[in-house]
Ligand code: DGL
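Quick heads-up: it's one chain on its own, the form predicted alone, in structure tokens.
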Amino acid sequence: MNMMNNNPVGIFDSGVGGLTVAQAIRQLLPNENLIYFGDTAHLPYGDKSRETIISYASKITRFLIGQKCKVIVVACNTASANAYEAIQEEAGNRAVVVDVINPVVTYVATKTEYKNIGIIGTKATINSGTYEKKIKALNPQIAVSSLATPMFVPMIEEGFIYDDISNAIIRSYLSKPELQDIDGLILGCTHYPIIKNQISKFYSFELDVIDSSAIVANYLRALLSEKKLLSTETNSNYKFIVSDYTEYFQVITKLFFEEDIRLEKKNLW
């Protein structure tokens, strides 16, 4: 057994979006201890500069390594697209780094049914071109159509879900010419699975809407197994830390984890 087996899995995002990944990990790996860091003081990351995103992500990585995390899951597409190398450098050999883009790219590039894949994400994720570059590198045959949907994160963080406002915004983005004739849509932001049902509904549930959370959880399970780092504990615990307290974060966390969650506020800056 590896000494680090029962060390926690660290997960971070700018806000509540990464909880979609945390929940998928908990369902697939119920024995793992989780530490979740939501950088609510700085959200959304999607309209920040690359340098700023790198600086936030590096600081959070340092904090999670201080918490003895064996893995850092970058549960944020914006940070994955802009700060992955910096996070790896910060982690060194002290923790394994898993991002949310590479597992999804591999999944999409190996599926023969995709000819024209759509991607929606924050401005920073879409402008980085990371998805497109990586998909093309693995499968040059796939056409990639990208669209920045910057209103989605603030809309979700403000709790506008399942109502007329969110439906109007979703309809407005998804009917844009960039996303016509696609045969699959990557939700290139971990917040978006929260509105996956409404997105699928726009396509009359006939389009393959690709949710990264389950793909990342499967990837993590295979990785931990391969590195012999799976937890041997049976009573796992979850810790939720935010850089700024928001009531909505508490509500969403309870919704995902179906239990009362105590949020810890910690300002790393």
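For clarity, a rigid core is taken as the largest C-alpha set superposing within 1.5 Å between two forms. Throughout, we count residues from 1 along the sequence that is shown. Keep in mind that what you see is a predicted model, and the values were worked out from it rather than measured.
Separately, the form predicted in complex with ligand DGL exists; it is not shown, and the next lines address it.
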query	finding
Partner proximity in the predicted complex: Thr149 to ligand DGL, non-hydrogen atom cutoff 4.5 Å	no
Cys189 within 4.5 Å of ligand DGL in the predicted complex, heavy atoms	yes
Proximity of Val153 to ligand DGL in the predicted complex, heavy atoms at 4.5 Å	yes
Which of 199 to 207, 65 to 73, 219 to 227, 39 to 47 sits within 4.5 Å of ligand DGL in the predicted complex, heavy atom basis	39 to 47
Members of 66 to 83 lying within 4.5 angstroms of ligand DGL, judged by heavy atom, in the predicted complex	Cys76, Asn77, Thr78
Glu157 C-alpha relocation of at least 2 Å between this form and the one not shown, rigid core basis	yes
